[in-house]
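As structure tokens, one chain now follows by itself in the form predicted on its own.
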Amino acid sequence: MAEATEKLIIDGIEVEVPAGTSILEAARSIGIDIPHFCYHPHLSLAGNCRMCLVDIEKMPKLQISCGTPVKSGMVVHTNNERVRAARKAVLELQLVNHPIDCPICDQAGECKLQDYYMEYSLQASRMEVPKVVKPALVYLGGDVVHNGERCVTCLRCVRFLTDVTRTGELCAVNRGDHTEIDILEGRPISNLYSGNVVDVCPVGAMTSKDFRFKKRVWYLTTTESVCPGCERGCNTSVEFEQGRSYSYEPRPAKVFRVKPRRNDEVNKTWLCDPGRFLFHGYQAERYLGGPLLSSGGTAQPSPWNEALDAAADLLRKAGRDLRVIASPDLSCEELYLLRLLTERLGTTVFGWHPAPAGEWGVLQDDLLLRRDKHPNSAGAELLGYAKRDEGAALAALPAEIAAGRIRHLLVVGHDLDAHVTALGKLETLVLVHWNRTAMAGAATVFLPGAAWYEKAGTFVNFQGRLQRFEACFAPTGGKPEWFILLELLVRLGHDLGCSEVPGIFAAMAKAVPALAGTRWPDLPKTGVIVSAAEVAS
């Protein structure tokens, strides 16, 4: 049955949308952004800010566009003189008690109140009475610091904790211009989604304890990515500062924050705190040196070509005796290359699925967090990696080495520091990892890889959705795992004829039936579904 639709005219443009769509969303569908504070597409309707007022012909009064459903025949004006005058009046009321502290406000540059004032108001205050004073530095729990004087009482924060997390830690107290946001019954925010409270705030009232005063947003560059924290694959925006080469202080590129990117089929507009702050662990431990070659039992720095040559020679000599430990943290392209490498050597993957991590006290919830804390387990299965008992193969590793059944090992993407003593007994250990962990000291060859935000690729999430992510900047010292594996394949006599991720993806799409017809440039931002049957097979 065809979905019922409504036709209307917005600012002279005819638009047809599903019945029940709000005027605000109908306007957004044709590129008209109606200003608003309280409206959010994934929160319950409040309609209290009055910024989204529009003029509908044959209606005597202006109507809120967020709460007015479209009807066929409507003629809507979103920016005529009547509407602009109303918005100017609303802004004047909002600014009556608002502090004029934009130069020191952490939200400057991405503040809706600031933007709307510049577009609709630009008037001096007419108030001659003292402003209402409210608490200006209140820690509400989690990642949230509150400034009550900047609040526009949109109640997005309250509704997020009521509608989405259902934990209800915040409430509005008092009335009129004395209304404040406060913790309810003395319970600070303690859920794993506190960062979203900052995200939903349209002004500088809610700021991030982690990010505040770290960097002005106009110095940041944004790249679209996918969270590697679990198998959901939440869509994210990684915000970073490009590296700078000063003679007195060379400064490498650095990630400053990660925010959710809208994908209604995966994470809507939310992101858990473990995923949001995952980048800190990578940056704090980041190894900035180059490859290491073992010489006389001591790891020595080596040029990339020499290290790759040595690694390829060791793998060739090991041949069928080589065992490989892969990681579901690797991208589809990297897992595909690793599969080609094992086929070339005639060996098999010994283990690929470690035990699930139990960080943050929660394995899985009903909102975003998934039990499998790896982003590409489904992609590994899709590429032919047999699903093993979680952690069983790795738990057996010391015994296998001690018995002499494993003498040569290639580890790509895994942290096996727990088994570093056993690894030291191997004849050959080639290690590819983004960080120089303790096991790097036991490696015959250590090839430093890249953090997830330093490389491009694709993941397949638990839904069977293939999602693309981009590199923010080139790794310092290391190389993307796909580059390392591609170079090893060339040295082993298998040249794919490509040197970048799109080329690897093209080769993979030809080899994997489930990906037939997909092209790297055509992958949508929201991903593309690979059927559940194909993933299972």
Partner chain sequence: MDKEPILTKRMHLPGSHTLAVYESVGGYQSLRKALAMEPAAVIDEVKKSGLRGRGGAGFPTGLKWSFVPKESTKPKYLCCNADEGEPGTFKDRVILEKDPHSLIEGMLIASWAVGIRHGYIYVRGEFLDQIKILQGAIDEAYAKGYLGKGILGTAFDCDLTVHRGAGAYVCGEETALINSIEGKRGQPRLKPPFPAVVGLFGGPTVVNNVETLAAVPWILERGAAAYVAYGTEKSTGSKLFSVSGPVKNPGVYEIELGYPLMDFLNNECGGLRDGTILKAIIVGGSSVPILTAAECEGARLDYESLQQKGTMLGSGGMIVFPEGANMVRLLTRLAKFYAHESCGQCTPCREGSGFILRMLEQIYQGHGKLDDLDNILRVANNMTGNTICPLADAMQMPVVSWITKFRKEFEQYIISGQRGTGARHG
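Just so it is clear, the model here is predicted, and its values are computed rather than measured. Positions refer to the first chain, counted from 1.
Just so you know, the form predicted in complex with its partner chain exists too; it's not on screen, but the next bit is about it.
Contact annotation: its partner chain lies within 4.5 Å of heavy atoms from the stretch 60-68 in the model of the complex, the single such stretch among 60-68, 465-473, 28-36, 488-496. Of the residues Leu363, Ala253, Ala299, Ala172, just one reaches its partner chain in the model of the complex with a heavy atom at 4.5 Å or closer; this is Ala172.
Interface residue among Ser237, Thr153, Asn263, Asn435, judged by heavy atoms within 4.5 Å of its partner chain in the model of the complex: Thr153. Residue contact with its partner chain in the model of the complex: Val90 places a heavy atom within 4.5 Å of it. Its partner chain is not shown here, and in the model of the complex it never comes within 4.5 Å of any heavy atom of His77. Contact annotation for Val501: none of its heavy atoms lies within 4.5 Å of its partner chain in the model of the complex. At a distance threshold of 4.5 angstroms between non-hydrogen atoms, Ala386 is out of contact with its partner chain in the model of the complex. In sequence order, Leu45, Ala46, Gly47, Asn48, Cys49, Arg50, Leu53, Lys61, Leu62, Ile64 are the residues of 38-76 having a heavy atom within 4.5 Å of its partner chain in the model of the complex; the partner itself is omitted from this view.
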